[in-house]
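Okay, here we've got a single chain as structure tokens, the form predicted alone, with questions on binding and movement later.
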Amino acid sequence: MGLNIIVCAKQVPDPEGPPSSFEINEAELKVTARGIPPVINPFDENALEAAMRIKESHEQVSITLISMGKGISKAVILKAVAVGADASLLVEGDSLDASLLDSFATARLLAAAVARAGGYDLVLCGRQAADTNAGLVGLGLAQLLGIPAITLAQKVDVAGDGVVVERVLPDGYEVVEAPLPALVTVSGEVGDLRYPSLQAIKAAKAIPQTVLGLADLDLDPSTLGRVRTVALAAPSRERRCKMVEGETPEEAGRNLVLALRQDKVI
């Protein structure tokens, strides 16, 4: 029997974009990115890389990439698929704007998409999304699918009927095992996603792709949310500069220490 892996990938504004390109709309409670190209969430790219390493070391492995959102860039998905996915499934809709969905609603929608994708043995997600940094969708998805979950993986492998994960700890890592099917959230320690060749990107156009709408999932996202945003504003920043003087470098050093102690820095 083959091993079926599903990788969940979210499209986000490039996190390397300048802060000045992000605008906060306090009236609509949205953060809008201006002039920043969309990319696959970097942690989801880590998850895809983990899937590719499993595919390289095992026989009969199939990878399906699932992405959900509003205005998904086909070029971005194509580049990710070209790395080595065997199929992709996109769920698109105007009401799937990331700013309108909380983590629970996103997990519900992804669970429905996973069900439509067919059978699976392993679901891989990034540890968190680069735009919200919530880190909740993966665990919510596992709960809804009724499968065990392991978080913060730096290495993922399949052995027999189970998955073996090196899980990141503050002072090292621990090895955790779970029976399949299972879900694993992957951390950046796995390593960056490999680059597809130009030939692979061209060939990816022939890879099967399924595009679904909300009607196909039989879910209304407006009824799924459990978190309501009541306010959104940029953090206020205050900068103060205090000059520390002294007749000699030694005196200036002593005055600096006294000033730091007075401000309770040390």
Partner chain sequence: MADAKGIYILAELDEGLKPTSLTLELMGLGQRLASDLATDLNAVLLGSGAQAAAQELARYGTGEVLLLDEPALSGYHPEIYIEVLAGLLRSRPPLVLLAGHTSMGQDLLPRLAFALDCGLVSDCVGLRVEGEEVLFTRPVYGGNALATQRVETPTAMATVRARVGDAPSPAGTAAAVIPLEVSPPAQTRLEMKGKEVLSGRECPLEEAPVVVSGGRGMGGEEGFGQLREIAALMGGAVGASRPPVDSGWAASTCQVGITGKVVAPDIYIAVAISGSTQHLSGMSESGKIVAINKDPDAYIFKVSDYGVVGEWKQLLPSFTAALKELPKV
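Residue numbers count along the first chain shown, from 1. Here the rigid core means the biggest group of C-alpha atoms that line up within 1.5 Å when the two forms are laid on top of each other. Quick caveat, the model's predicted, so the values are computed rather than measured.
The protein also exists as the form predicted in complex with the partner chain; that form is not presented, and the subsequent description refers to it.
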Checklist entry - So which of 114 to 122, 80 to 88, 145 to 153, 67 to 75 is the stretch with heavy atoms within 4.5 Å of the partner chain in the predicted bound form? => result 145 to 153
Item to check | Interface membership of residue 169, the partner chain in the predicted bound form, 4.5 Å heavy atom rule | outcome: yes
Item to check | residue 247, heavy atom within 4.5 angstroms of the partner chain in the predicted bound form | outcome: no
Checklist entry - Can you check whether residue 159 is within 4.5 Å of the partner chain in the predicted bound form, heavy atom basis? => result no
Checklist entry - Within a 4.5 Å heavy atom cut-off, is residue 135 in contact with the partner chain in the predicted bound form? => result yes
Checklist entry - Which of these residues, 206, 233, 215, 211, gets a heavy atom within 4.5 Å of the partner chain in the predicted bound form? => result 233
Checklist entry - residue 248: CA shift of at least 2 Å between the shown form and the other one after core fit? => result yes
